[in-house]
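So this first bit is one chain, no partners, the form predicted alone, shown in structure tokens.
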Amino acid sequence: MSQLKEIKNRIVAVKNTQKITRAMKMVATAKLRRAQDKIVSARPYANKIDELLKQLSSAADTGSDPLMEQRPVKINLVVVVTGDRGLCGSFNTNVIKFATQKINEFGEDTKIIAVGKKSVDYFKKSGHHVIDNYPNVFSNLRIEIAKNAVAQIKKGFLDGSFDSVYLIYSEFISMIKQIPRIEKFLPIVDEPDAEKKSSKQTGDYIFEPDAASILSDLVPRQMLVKFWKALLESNAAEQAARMTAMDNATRNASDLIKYLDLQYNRARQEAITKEILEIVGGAEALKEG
């Protein structure tokens, strides 16, 4: 009887867990729809501002903008974006593993800005040089977070605290596919001349007030859009990973419940058979007595 009670308690526990995973999947699905709408809306704008920047840089003297200045790289800054919570499969682990590999390639002088609680927790304990962190940003994702981070990065780059900046985040590809990605953030790299010539449209343009002034105004906007897009990509990827993980957990719970039900019925049948044999054995003993 103790075995039956133990199996029954396990069935109840698994069913309760299944209710939780099913609810978490529904929440993740709802959040994913909103996150997916945001990133789908942001991508065309980000692509267009990149295209406009490339066209302007071909008409302006890019050396006049300090954010496009190419200089010898002594110190890199890496911005690592992860989620705030777990229960999303290997989402956070994949980003951190990918980031750690790149940081090791850049060298021990690499500085880090950690975005997302999982990134903050890991890099604080790992002994890396973390200059700032932004935990718990995805519970209430606002563009002000991107503005603050971009302002800090811009100031550090202009001060010479680091010579190159990279963003590492998880790109949302589809519901079942999210891949870690590294993207150059600063200095803003212009296209090679061959690509520039092929992409440059024919015709004369008049820039007001002038191409360099427009470029100096457009570069900070492009930085903000690129950073904000990385946060949106990571948010959508995290929700997709969590939805998939909770769906798998729910189905695994169903399989486990079926297995435990079978074990319970077998144990119950064995207990009943044992009781019958004991009754029959007792009756035979009474007859012989």
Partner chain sequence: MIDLEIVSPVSFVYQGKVKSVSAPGTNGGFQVLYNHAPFVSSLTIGKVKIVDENGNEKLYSISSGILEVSNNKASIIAESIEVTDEIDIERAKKSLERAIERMKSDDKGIDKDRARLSYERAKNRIKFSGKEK
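Numbering follows the first chain given and starts at 1. Bear in mind that the values here come from a model prediction, so they are computed numbers and not experimental data. We call the rigid core whatever largest set of C-alpha positions still superposes within 1.5 Å between the two forms.
Unshown form predicted in complex with its partner chain; subsequent notes refer to it.
Partner proximity in the predicted complex: Q55 to its partner chain, non-hydrogen atom cutoff 4.5 Å: Contact check for Q55: yes, within 4.5 Å of its partner chain in the predicted complex.
With a 4.5 Å heavy atom cut-off, would you call I214 a contact of its partner chain in the predicted complex? Residue-level check for I214: yes, a contact with its partner chain.
Partner contact for K258 in the predicted complex: its partner chain, 4.5 angstroms, heavy atom: Judged by the heavy-atom cut-off of 4.5 Å, K258 is well away from its partner chain in the predicted complex.
Taking its partner chain as it sits in the predicted complex, is K184 in contact with it (heavy atom to heavy atom, 4.5 Å or less)? No - in the predicted complex, heavy atoms of K184 and its partner chain never come within 4.5 Å of each other.
Taking its partner chain in the predicted complex as the reference, which of K74, K125, K147, K97 has a non-hydrogen atom within 4.5 Å? If I apply the 4.5 Å criterion carefully, the residue I get is K147.
Options 65-73, 34-42, 234-242, 248-256; stretch whose heavy atom lies within 4.5 Å of its partner chain in the predicted complex: Correct option: 34-42.
Though the partner is not shown here, which residues of 211-234 have a heavy atom within 4.5 Å of its partner chain in the predicted complex? Stretch hits, in order: I214, D217, L218, R221, W228.
C-alpha of D255 moved at least 2 Å between this form and the one not shown on rigid core: No; that C-alpha moves by less than 2 Å between this form and the one not shown.
Is I49 one of the residues whose Cα moves 2 Å or more between this form and the one not shown, with the core superposed? Yes; that C-alpha moves by at least 2 Å between this form and the one not shown.
Under a superposition restricted to the rigid core, does M26 display a Cα displacement of 2 angstroms or more between this form and the one not shown? No; that C-alpha moves by less than 2 Å between this form and the one not shown.
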